[in-house]
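There is one chain below, alone, in structure tokens, taken in the form predicted alone.
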């Protein structure tokens, strides 16, 4: 008999309709899932947070608690399901993917676009799919179960606020598809690690996400780089990693930041594809900027934060940012 721990942190799935709009209601999620028929050969326990989290209010201490709850219960369960709001689910999935080092069992995040109390809620199928995925003994990674798909957590992004197709992973195929039959694409899954489970507790770091835009924003980024104390920057560039090389103010600000020890990671604003060195304006490695390949913004931010929490040297972190650690980027 397999044991799964559901960690209910909050989100739309457990909310109810009130005169003030949808709000979390303590105990409601527990009463709803109590109506579910048991999954064969699976025992499910529930850990509900006393203060349910609106996912737009997610903070580092919430991630620290989730990691601790998984760590404290790691040996007692075969897998974990984290119920989470959709707004920042991709950020949390990315943080957990990097922080749960040595993970050799599934951690599956899910939620819904409509609450369980709504008769058309997508939460029921998402929850069941998550439980099936968390019951797999050959899934050794963090994933998101949503809209009949299982996505790698550090590759997923929220793509819609109004469709059940809430998440997608444009540069990575799904890990599973839930139809009449479940298609487990386990050849795509991460291999079991040879390291023992040793999670990293993420700590605060001064990391900024700066996205290039034509006009005033470019000079604003230069001023920010010159006048802000920073540990790292994720720079969202145009196309395949291009910046306006003719803007000397920006170029000098990037050079100066790198010289001060700021780690700058280059990722593309475009949904599909990766940064490259095909254009003269995309040869940012000459400025000391690190390629983020095809990482999502969520993965790049999470990776920087967790690596910095590991007390690595800056040079080691810079090298690791272009390496594939947990399936977050495409090599070759």
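Because the structure is a prediction, the values reported are computed rather than measured. Numbering follows the first chain given and starts at 1.
Below: the form predicted together with a small molecule, not depicted.
Screening 233-241, 107-115, 197-205, 211-219 for residues having heavy atoms within 4.5 Å of the small molecule in the model of the complex returns a single hit, 107-115. At the 4.5 Å threshold, heavy atoms of residue 86 reach the small molecule in the model of the complex. By the criterion of a heavy atom within 4.5 Å, residue 15 is counted among the residues contacting the small molecule in the model of the complex. Within 4.5 Å of any heavy atom of the small molecule in the model of the complex lies no heavy atom of residue 48. Within 4.5 Å of some heavy atom of the small molecule in the model of the complex lies at least one heavy atom of residue 55.
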